[in-house]
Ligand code: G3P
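This document starts with one chain, in the form predicted on its own, laid out as structure tokens.
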């Protein structure tokens, strides 16, 4: 199996020493996830790449949002109070891009009540400067389109992992749409496409180009390496809970992956203290860690 001209895969394969750091939804400890603000901070922190989530809106625009619903990370419940689309949960797929583009995607991060993945939840609220808090609360932070996120990544001369969220749509059509955006942005050799949806992994891998594809899985079931290769994946991205149950099994998995030339990427690792999970994974020899905290993740 030859190497494609892909900077993400080649960086993983050429890694020496510590695992590379991929900023999970950007620097999520210090900025709202999946925003350009989070991406810029992650780049400043020296992350190898950033990871984002993408899904289509009602009118087919590809937007960078993790949840099916807009409720957690925007002010949609305020701006569209009383809208019947609130009954099923203000789902991304029920809104057009023009509507999503108007939403405030920053203020939620400063919620003093500490909602999921807020600065309070990450224990970073008090460390944010007054000027940064003012910027995040200004209403200017927006959900980006995939095109905008790719353009910023290209401008920064950086790399990105695009996770395709599963949806009730044709996998070949969605994969083709996403890869068309990637090619249009001249980013194919800087992109790792990944998904938990095996049909999307296979569809993305079947499209010719310099991009590479990774299989996402919460667990490491027997035969997962063979399955990943059969789908066309070039990386295996596992949840942190997939490892640590059996040292012998972990070592066997790493050895198998090394023979097959598949880097192992582990998500999501925020325990960067001495003797923590990050240190364990470094000793194990994984290729990269997804982390919400790329600043602290760079600890020697």
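The structure presented is a predicted model; accordingly, all values stated were derived computationally and were not measured. Numbering follows the first chain given and starts at 1.
What follows is about the form predicted together with SN-glycerol-3-phosphate, which we do not show.
Contact with SN-glycerol-3-phosphate in the model of the complex holds for none of 29, 118 and 293, as no heavy atom of theirs lies within 4.5 Å. Although the partner is absent from this view, residue 161 contacts SN-glycerol-3-phosphate in the model of the complex, with a non-hydrogen atom inside 4.5 angstroms. In the model of the complex, none of the heavy atoms of residue 97 sits within 4.5 Å of a heavy atom of SN-glycerol-3-phosphate. Under a 4.5 angstroms non-hydrogen atom cutoff, SN-glycerol-3-phosphate in the model of the complex lacks residue 37 among its neighbouring residues. At the 4.5 Å threshold, heavy atoms of residue 165 reach SN-glycerol-3-phosphate in the model of the complex.
Figure note: of the listed segments 243-251, 256-264, 49-57, 228-236, the one touching SN-glycerol-3-phosphate in the model of the complex, with heavy atoms no more than 4.5 Å away, is 49-57.
A heavy atom within 4.5 Å of SN-glycerol-3-phosphate in the model of the complex is found for exactly one of 122, 132, 80, 196: 196.
Interface residue among 182, 216, 103, 203, judged by heavy atoms within 4.5 Å of SN-glycerol-3-phosphate in the model of the complex: 216. Residues 24, 25 are the ones in 18-37 with at least one heavy atom within 4.5 Å of SN-glycerol-3-phosphate in the model of the complex, listed in sequence order.
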